[in-house]
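In the form predicted alone, a lone chain appears below as structure tokens.
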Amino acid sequence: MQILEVAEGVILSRPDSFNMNQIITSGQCFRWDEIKTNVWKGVAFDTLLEIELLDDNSYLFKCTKETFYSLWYDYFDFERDYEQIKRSVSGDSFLEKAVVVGDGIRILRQDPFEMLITFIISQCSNIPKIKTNVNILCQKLGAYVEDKHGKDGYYLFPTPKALAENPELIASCGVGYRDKYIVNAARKVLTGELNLDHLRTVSREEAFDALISLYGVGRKVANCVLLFGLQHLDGFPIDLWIKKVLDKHYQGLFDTSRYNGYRGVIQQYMFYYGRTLGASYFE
């Protein structure tokens, strides 16, 4: 991958395993949108970014070089060798196809509190509805930031304090029965009873136990937070799509030990390919 600073921002040429459409439709993030063909805009860590595909091998990140290296390089996990991970599936015919179809997927290194609340919202839902609920939550309870270039501003993800103190507003965001879970989780974080930064430093098992002890957080949500918010890459969330894949291709049993250290990356390839195949494939 080559990185070049230009007047408009930073150009990435020939980045390995990087496809914005695949990343933002892989069920791991909900505040990115394709605002026009091959142009994406999103907010992460209270920062707005626009990315444009210039050609088949180059992306323009519309930010300074300093911001790219201090935030986005880590956020998009550019340090990790995903090509090596893809080579590790050799001999598994389903996964060999999955890593080709989802060739540009990366695991985003996202804010753990945002991931906790987002995946609580995700329970028994779908990607379009999750995006809608999260955006409404941000508009009603997040701070508004004026765009420094005079364009439309954007909303930050709500703080633990904002969510903990406004249960009525949360209930008006269309999250249904999950409102109580959101308030409880926010209060645990606000009081320090749940220290998400600490959970990054402990074992996956200890972090999992802490998350699953929260009111309204089950195994799937806990594993999503582990994977997408706490960088425990052995988190392996099992939703309906993963269950369909496991039942059809692995007789319901999938030995993840072969992929120790990056099981969650394998799960993302499975999830993305499963959704690409569609429900009719699994009937």
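Since we're looking at a predicted model, the values are computed, not measured. Each residue number is its position in the shown sequence, starting from 1.
Quick note: we don't show the form predicted in complex with the DNA, though the next part is all about it.
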message = My question is simply whether residue 166 lines the interface with the DNA in the model of the complex - judged by any non-hydrogen atom within 4.5 Å.
response = no
query = Given that the partner is absent here, does residue 252 sit within 4.5 Å of the DNA in the model of the complex, heavy atoms only?
reply = no
task = Answer yes if any heavy atom of residue 140 is within 4.5 Å of a heavy atom of the DNA in the model of the complex; otherwise answer no.
result = no
request  = Flag residue 239 as yes or no: does it have a non-hydrogen atom within 4.5 angstroms of any non-hydrogen atom of the DNA in the model of the complex?
outcome  = yes
request  = Please pick, from 36, 65, 258, 219, the one residue with any non-hydrogen atom lying within 4.5 angstroms of the DNA in the model of the complex.
outcome  = 219
remark   = Interface check vs the DNA in the model of the complex: of 159, 184, 135, 125, the one with a heavy atom inside 4.5 Å is 125
message = Is it true that 109, 225 and 274, all three, sit within 4.5 Å of the DNA in the model of the complex, judged by heavy atoms?
response = no
remark   = Assert contact_stretch over 169-177, 69-77, 88-96, 110-118 against the DNA in the model of the complex, heavy atom within 4.5 Å, equals 169-177
